[in-house]
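This text opens with one protein chain seen in two forms, each one given by itself as C-alpha cells under the names structure 1 and structure 2.
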Structure 1
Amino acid sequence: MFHTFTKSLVGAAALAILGTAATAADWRGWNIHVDGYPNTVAMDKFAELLAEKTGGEITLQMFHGGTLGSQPDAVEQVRLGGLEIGNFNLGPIGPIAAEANVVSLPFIFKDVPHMFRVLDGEGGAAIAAGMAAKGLYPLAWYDAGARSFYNGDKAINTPADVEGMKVRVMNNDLFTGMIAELGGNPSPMAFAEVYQALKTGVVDGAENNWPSYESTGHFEVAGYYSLSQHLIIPECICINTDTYNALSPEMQAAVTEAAQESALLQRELWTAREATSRKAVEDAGVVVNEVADKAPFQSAMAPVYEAYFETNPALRPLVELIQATD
C-alpha cells in the first residue's frame, strides 16, 4: 500500500512537471530600435513584466536593432508564428490589414493625445480586430510622435510653401498623394539615403519626428523644422494571433497587462526623448515654427481621402468615427 501510494505521488509529480513544461513558453521578440531608445527600454521592461506576471511560465528574449531581419520580414514572421512578438510601426502593417492603414491618412489625428483616445476606444478596437484577423494581435500601443516637415530654405506655414518643393516621403501612395496635393514633388526613397539627398539637393526637404530628425543629423543640412504634425502613426506590441488565442484567459490577461504597463513607460520615455531632441537641434540653430492654422493643409487632403475611399469604401465609417472622436 505504501509502495502504491509512493508511486502515485511520483506519478503526480511527474505529471506536474510535464504539465509545467507543456505550458511554459520561450518566446522571441523583434524590435528595430537600438539600445537606449524608448522602445528598446520598454520592450525589455515588457519581457521582465511578462516573466513576473506569468510566474515564469512565459519568458521573452528580445532581439533589438533589427538583428532578426527587416521590419517587413519580421511582420511576416510574427503573422506566420516564426516569431511570437514584434514591436512594429503601423505603417508597414497597413497594406496587410486595411483597418490599420487608416492611421496613415494625413491629418487623421488632431494630435498625439487624440490618437491615444481613438486607440483606447471603439476606433482602436476596430483597428485591432482587423490586425488580429491577419495574424497580428495588438497587445498595446506605443508612441512614435508626430511627423513634421523640414527643409533647408524656409519655414513652412501654408500649403503654398510646399509648392514646387521636392520632398522625401516613405513609399506609400497616401504619402506621395499628400505631397502632390500640396503642390510639391514627392520623392520616395530609403531613409538611409535622405541625409545625402538633402545635402546635395536631390531633395529639398523631408518629414519625420523629432528624434529621427535629430539622431540622423538631418538638422545639419535642413535647418527649418515646421510643426505640421501631418502624420501621427503609432507603434504596437503585436503577438501572433494563434499564440495569443492558445493562452488561457488568465495568461492572456497577464500578457496584456505586461504589455500595457510597458506602453506607459514607453510613452513617458518618448516624451522625454522628444524634448531632448528638440532642445539639441534648437541649440544648434535650427529655426522651429508652429503651423498656426492646419485647416488649409487638411482641406488639401480631400482628394487623398476620396482616392482612399474608392479602394476602401467599407472603411469610411471608421475614418468618420476617428474624426468625430473628441
Structure 2
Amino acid sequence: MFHTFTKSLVGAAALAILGTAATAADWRGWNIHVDGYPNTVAMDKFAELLAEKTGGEITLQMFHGGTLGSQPDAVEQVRLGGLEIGNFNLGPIGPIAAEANVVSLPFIFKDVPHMFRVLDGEGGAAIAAGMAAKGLYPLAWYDAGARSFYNGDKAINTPADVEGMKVRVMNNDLFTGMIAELGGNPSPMAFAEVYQALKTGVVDGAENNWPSYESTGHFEVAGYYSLSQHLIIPECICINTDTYNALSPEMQAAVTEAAQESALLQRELWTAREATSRKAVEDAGVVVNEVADKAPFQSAMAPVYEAYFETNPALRPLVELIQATD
C-alpha cells in the first residue's frame, strides 16, 4: 500500500515536471554591447516584455558584453539551438544567408530611413525568409546607424587616404573586398579585439557607427573619424527558427510583439545615443571630418558588387529592388 502510494506520488511529480517542460521555456540571449548601450537596454526590455506577454511561460536571460563568445560564434550557436536568441548585426550573418548579405553591400542604402523602408517591404521579407531558412528567424529590426572610417593618423577624404592602411573589418568577404578595392589591407577580427589591435598598431584603423566608436573606447586610440558612411547595416533580434516554429500561434504572436516593441524603444534610444556619443568623442578631442565627395568611394565599389553578383546571380533583382526603392 505504502509502496503504491509512493509510486503514484513519484508519478505525479514526474508528470508535473514533464508538464512544465512542455509549456514553459527558459531562453538564453546573446548581446555584444555594454551596459547602457541602446541595444542592451532594449534587449532587457525585450526579456521583460516576453515574460509579461507570455504570462511567464517564456523567460529570457540576457548575457551582455559578448560574455557568451564572439558574434560569429554566437550566430552559429543560435542557428544550432545552443542559444535561443541573439541581437545580431547582419554583417556577420551575410556569409551564411546570401539574401541577408545585400545589406552589407557598401552604399546600398541612401540613409537609415531608406533602409527601414526596404526592410518593411518586399525586400525585407526576402531577407527574413533567407535568414529563417538558415536557422535565424528575425523577430524585429534594430537601428545601427551608418559606419564610417576612423584611424590614428589622418582624416580620410579620398580612397587614396585609405591606401596602404590596415583596417579592421567584421567577418565578411564583402568587407575585405571593400577595403582591398580602396587600396587598404583588410583585417577581419572580433569586435572585442579591436581596441588592443588599434592601440598596439596591429591595425591602423577600423570602421563603425558613433555609439560603438565611443562605447568601446576606440576613439581614445584612433582620434580621426571621417564621415564616409559607407555601410548602413541593420541588426536583428533573431531567434532559432525551430524554437520559433515549435511555439503555438499565440506564443509566436506574443514573442513577435515583445520584439517589435523592444525595437521601437531601441530606435528611439539609438537616435539619442548617436548624438551623445558624437558629442562625447568631440569633447574628448576627436577630429571629425565630413567626406565632401563620396562618389570616388562609391565607384570604387563596382568590383565588390560584380563579385557579389557572380556568386549570387539570382540576387541581382533584390539589389535592384533596393536601389529602386525611394
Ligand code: GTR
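Residue numbering: structure 1 sequence, from 1. Treat the numbers as computed from the prediction; the structure is a model and nothing was measured. We call the rigid core whatever largest set of C-alpha positions still superposes within 1.5 Å between the two forms.
As summarised for this chain, the second structure is the form predicted in complex with ligand GTR, and the first is not. After superposition on the rigid core, the Cα of residue 182 moves by 2 Å or more between structure 1 and structure 2. When the rigid core is held fixed, the Cα atom of residue 198 travels 2 angstroms or more between structure 1 and structure 2.
Once both forms are fitted on their core, a CA shift of 2 Å or more is seen for residue 293 between structure 1 and structure 2. In the core-superposed comparison between structure 1 and structure 2, the CA atom of residue 213 travels 3.2 Å. Superposed on the core, the two forms differ at residue 150, whose C-alpha moves 4.3 Å between structure 1 and structure 2.
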